[in-house]
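The chain below stands alone, shown as structure tokens; this is the form predicted on its own.
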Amino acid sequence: MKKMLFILSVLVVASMVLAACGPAGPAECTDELGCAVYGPEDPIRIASALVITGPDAQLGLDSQHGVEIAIAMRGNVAGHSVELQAEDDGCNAEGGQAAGQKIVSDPSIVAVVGTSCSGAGVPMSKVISEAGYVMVSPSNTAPSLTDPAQAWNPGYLRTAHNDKVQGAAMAKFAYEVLGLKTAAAIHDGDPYTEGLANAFRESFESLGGKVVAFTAVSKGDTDMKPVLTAVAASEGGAPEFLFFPVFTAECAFLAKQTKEVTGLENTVTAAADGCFSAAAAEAIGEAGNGMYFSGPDLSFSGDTYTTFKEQYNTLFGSDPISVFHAHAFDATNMIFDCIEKVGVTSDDGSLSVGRAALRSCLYATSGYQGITGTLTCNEYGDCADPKISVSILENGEYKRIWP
């Protein structure tokens, strides 16, 4: 018995010595939402969930390029390489739900850059939130997504502007710059399109204008003439200004068919950033000449953006193809900064990133110097330094004209 006890004591001491001398494993996770854990040679894994197929693909691909450039320019994060898992949000609720569920089924994914479309962002933010993950959207602009009384969920943030700002800017442009006093707005029921149309309506009326029609088409519609005919027959006559902040396909049909409806011949037409891409300009064609488009002000400057554009051309063979590439770049780098702040690196190089700690770090972002401006997040995830401009479409090119 004494011999057996001696042997056991030797083994215990030996195991303690080996544990002390050998490399430490990953730190124990004490984060209330769990941790993303990476071995010494494992890449940090993030996901994107953007619209990368279909008529709105350039909107999402432009943002995905921004994510990929951030990864390329950053190099290692907390001593680890970075791997991107790209998902398609489909620019609809079903796509957002599916992408979110796929992402949260993988515990190695630490954060998400997405979604492109607010309609996808509403269900996906719920899935992401309930799983304890975090997402930062580069282009969701619907006011509801950062409103706790509507669609905000913990873990959701965005670097894109809130459409309360964009709606007010377009209203000011129409009323004060163009001098137009009556308007109509058309949406398609999506949180983005309806939210922006409503923000425009409220601001236009607060300036003293009159909105004579506020109506909708359905996503997927191709015959817009019944709705446009009703707008032309509004009480008091056809509006001087018609704002339809919808996506590429519906935007093109509305732009073309407005020209064919009696009563709208002299109506000024306008859309927004959901219809701001090379593909959208091509789809609209000659009918777009003279149309106005609101969206994020793209007059970025500085050494970082110069390098960014060079990388964009080198990696993808063109200048940026839509309007939220810089917002995606900033979102990705905010995530990287917080991983480096809250991640715990063990002696063997393993990394543990607490999910609640990552959320808290992102919400605490203040004075972050990004391409899109100086970003400071509020408690509901609005982080943007919102700057809106208006462009005119001429011969297939968007030309910034205001402010």
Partner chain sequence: MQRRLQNINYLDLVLWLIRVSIIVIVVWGSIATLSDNPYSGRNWIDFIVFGIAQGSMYALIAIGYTLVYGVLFMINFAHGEFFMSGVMTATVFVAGPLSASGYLDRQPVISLLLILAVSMLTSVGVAVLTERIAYRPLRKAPRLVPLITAIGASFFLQYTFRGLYGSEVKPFPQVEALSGKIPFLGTELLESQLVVIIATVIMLVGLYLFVMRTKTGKAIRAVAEDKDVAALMGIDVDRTISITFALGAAMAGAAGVLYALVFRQVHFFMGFLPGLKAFTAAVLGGIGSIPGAAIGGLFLGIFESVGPPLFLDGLNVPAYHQLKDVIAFTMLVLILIFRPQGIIGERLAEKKA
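Positions refer to the first chain, counted from 1. The structure displayed is predicted, hence computed values, not measured ones.
Absent from the display: the form predicted together with its partner chain. The rest refers to it.
The partner is absent here; in the predicted complex, the one residue of T53, N378, S360, Q369 having a heavy atom within 4.5 Å of its partner chain is T53.
Of the listed positions (D106, E83, E205, E282), a single one reaches within 4.5 angstroms of its partner chain by any non-hydrogen atom in the predicted complex, namely E282. Contact between S129 and its partner chain in the predicted complex is not found at the 4.5 Å heavy atom cutoff. By the criterion of a heavy atom within 4.5 Å, D319 is excluded from the residues contacting its partner chain in the predicted complex. When contacts are judged by a 4.5 Å heavy atom cut-off, D303 does not count as touching its partner chain in the predicted complex.
Put simply, G220 is close to its partner chain in the predicted complex: some heavy atom of it is within 4.5 Å. Heavy atoms within 4.5 Å of its partner chain in the predicted complex are found in exactly one of 183 to 191, 321 to 329, 140 to 148, 155 to 163, that being 183 to 191. Counting a residue when any of its non-hydrogen atoms is within 4.5 Å of its partner chain in the predicted complex, the hits in 214 to 246 run T215, A216, V217, S218, G220, D221, T222, D223, K225, P226, V227, T229, A230, A233.
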